[in-house]
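Taking the form predicted alone, here's one chain by itself in structure tokens.
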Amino acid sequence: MTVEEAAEALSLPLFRLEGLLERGTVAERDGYLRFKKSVAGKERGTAYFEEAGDVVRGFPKIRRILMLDPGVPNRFEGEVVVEEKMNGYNVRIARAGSETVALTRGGVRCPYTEHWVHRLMGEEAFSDLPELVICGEMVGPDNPYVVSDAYGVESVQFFVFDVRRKGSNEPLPVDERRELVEGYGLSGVRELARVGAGETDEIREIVEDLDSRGREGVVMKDPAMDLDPVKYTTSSGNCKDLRYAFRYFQEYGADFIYPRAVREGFQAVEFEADMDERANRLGRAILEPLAETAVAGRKGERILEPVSVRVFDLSVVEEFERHLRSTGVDAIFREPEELDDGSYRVRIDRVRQGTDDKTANLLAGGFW
């Protein structure tokens, strides 16, 4: 890979890219460069593919509001599209030369994701639309990153929530994106409503309904996508995240935990919630998983995170195991289970070593 060609494709001065590579802000991996954080006008997860000379921009961060009123009318005018925010992992799919690549939020190619992308989507859309990047959420119970069974998905499904132009990262308008997604037989996130910017009571009712069903939240968008979207999370979503973080307490810091607790406080006020009920929900989300971890440690059990993958080709499991190890993830892969449709489900125990070690130390009387 020549740094000069990469710098030109990324529209960066050569000295700037060389500095980013030297500091590790941009990393080289398997024939492509990826931005590990947002810098130099490029989003985190931006990738440059050497052989194809293609740049796939990272997905822009969507800002969050904690108060629907006045948060929504402060940011939008006229109509607002309310779409469901799904609980999975962010994937961008694009053409890089003759290949279809699937990139996680951090710009890493994932062999398991690409296996499912080819099964769920085929090649037609990418052959026809080489200058577009399809952005979506991979959800379902056979998800090795974010497990969720809240959507009635049998295994894994990809839901498109955005389509962007490869070079400029400009998003397609909502209706144009939906027409394209439906035209190629793809699944899209649900549109829940179109409301006036001041109709926050209707958005609140949508959030309460999603919350009652254990769903993640909403993303609010300008139909033309001229304004940046904003997102809002349900109490259920906040507490699920906290429950997960406190189960593996040594892996997550204050930057993950603190904002979710703050969201709960502001939402409780705006929704005029029963404070006893909210406090009970929040307290249980913190205390119960910590106690479960301590009990497991006291029994001498390792602190493991169980997940599963489902594939139609066992070589993908081998590739995925290598992929996890290359990204520093320690995991125990169980024997494959053959299913009736000819696919295989493989149970994986992800080793949460930090929490495992810290739990053992604390139970032995160690210092916090």
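This structure is a prediction, so every number in the text was calculated from the model and none was measured. The first residue of the shown sequence is 1; numbering continues from there.
Not pictured, yet referred to below: the form predicted in complex with adenosine-5'-triphosphate.
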> So in the predicted complex, does residue 76 come within 4.5 Å of adenosine-5'-triphosphate, heavy atom to heavy atom?
Replying inline: no
> Applying a 4.5 Å heavy atom distance criterion, does residue 199 contact adenosine-5'-triphosphate in the predicted complex?
Replying inline: no
> Even though adenosine-5'-triphosphate is not shown here, does residue 243 get within 4.5 Å of it in the predicted complex, heavy atoms only?
Replying inline: no
> Does residue 169 reach adenosine-5'-triphosphate in the predicted complex, with heavy atoms at most 4.5 Å apart?
Replying inline: no
> Quick one: of 250, 157, 100, 90, which gets a non-hydrogen atom within 4.5 angstroms of adenosine-5'-triphosphate in the predicted complex?
Replying inline: 90
> Which listed residue (211, 114, 270, 84) meets the criterion of a heavy atom within 4.5 Å of adenosine-5'-triphosphate in the predicted complex?
Replying inline: 84
>> Counting any heavy atom within 4.5 Å as contact, can you tell me which stretch out of 307-315, 322-330, 55-63, 34-42 lines adenosine-5'-triphosphate in the predicted complex?
In response: 55-63
> Using a 4.5 Å cut-off on heavy atoms, which residues of 206-229 contact adenosine-5'-triphosphate in the predicted complex?
Replying inline: 216, 219, 221
